[in-house]
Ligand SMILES: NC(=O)c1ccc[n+]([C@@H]2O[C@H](COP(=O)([O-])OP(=O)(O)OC[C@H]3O[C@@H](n4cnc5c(N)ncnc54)[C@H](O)[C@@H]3O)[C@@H](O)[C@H]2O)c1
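First, one chain by itself in structure tokens, the form predicted alone.
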């Protein structure tokens, strides 16, 4: 293949690398229109999908059957041989020092390099700092081969906008930002995504697309940090934040953020990526990191507030406590970087008779908390105190069953809880 102009729709052979929250829905939708394969080095994940089980609960069984029948999912990297478009959808976490951990992206690029041909296109969907797509490609691809950007191979960047647990805003109806290293490669990127996504927005450069993605989550993080700080301030004044927010949101342009713990694999991670790049170029990121500091401190603040509330109603450390929700967000089977788990760990050290419930609890948690899990949502009279940590749909109508048991509502989920964050 001598150039990207030769990659027409009929000749698209696409490899999606990484079959998690982002890659699997992308594989599912694109497979209806293109010759596409999915590769993930996690053999357990691949075997689960081929056995018609998606732990993330994003894809229906009938759709998993379709993917299985097409034989397009594998943990053998040779499945991506002879592809001409490679889409990387792997996680981009942080390390123990809150520095970007890009080894999965680097490993994906190294795998692609084994099969890369003149004229091929690489698209990154993973969240990175501005400039990372080109930087990593030069470091991995160009340093170890004859390939040169826009001469032998091409780049695209299209940030993922998957929102786990959200059935309304999904891949085929959100606006998807796309970008590429030149006009020819942009045309290919657009041809691919437009086949199954209604609304595309073309960013003028890859760096602009990278930046747009990273500030989406930083904006939320900083706003939640502001509300968290205000919540702690008003608690010292003995003023209820829930009622303050109820009054404030009557104004048409008030941003209705709520206090809480910020976990997961995006909002609590992405600010560190931009702060890292800011430091590299000698710029400041004071507000970004201040927001992170406030939100990280909230686990201990909430723990102390719950303990104070338990003391107020004269319960001891032997009180029977029910903790509702361990995932990092509602209606989502994702426990990665869940601050609710971290909070539960703190409470478990002080209160020996604390039990957690979550409708999405996985095997790892069943083993870890085998003596501190309950699978029943009945007989609430046996509990002296209930903590609502995640507003799963399964918990929506439970309050009427709580009776006289005191409830600490972290999510403002119920109308008349005893205590609110």
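Residue numbers count along the first chain shown, from 1. This is a predicted model, so every value here is computed, not measured.
The discussion below concerns the form predicted together with the ligand, not included here.
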item: Triple contact flag 22, 91 and 336 to the ligand in the predicted complex, non-hydrogen atom at 4.5 angstroms; value: yes
item: Contact residue in the predicted complex, chosen from 104, 299, 113, 186 - any heavy atom within 4.5 Å of the ligand; value: 104
item: Residue stretch of 115-123, 258-266, 302-310, 144-152 approaching the ligand in the predicted complex, non-hydrogen atom distance within 4.5 Å; value: 258-266
item: 4.5 angstroms heavy atom contact with the ligand in the predicted complex for residue 224; value: no
item: Residue 133: touches the ligand in the predicted complex, heavy atom cutoff 4.5 angstroms; value: no
item: 4.5 angstroms heavy atom contact with the ligand in the predicted complex for residue 292; value: no
item: Any non-hydrogen atom of residue 368 within 4.5 angstroms of the ligand in the predicted complex; value: no
item: Contacts with the ligand in the predicted complex - residues in 127-155 whose heavy atoms fall within 4.5 Å; value: 127
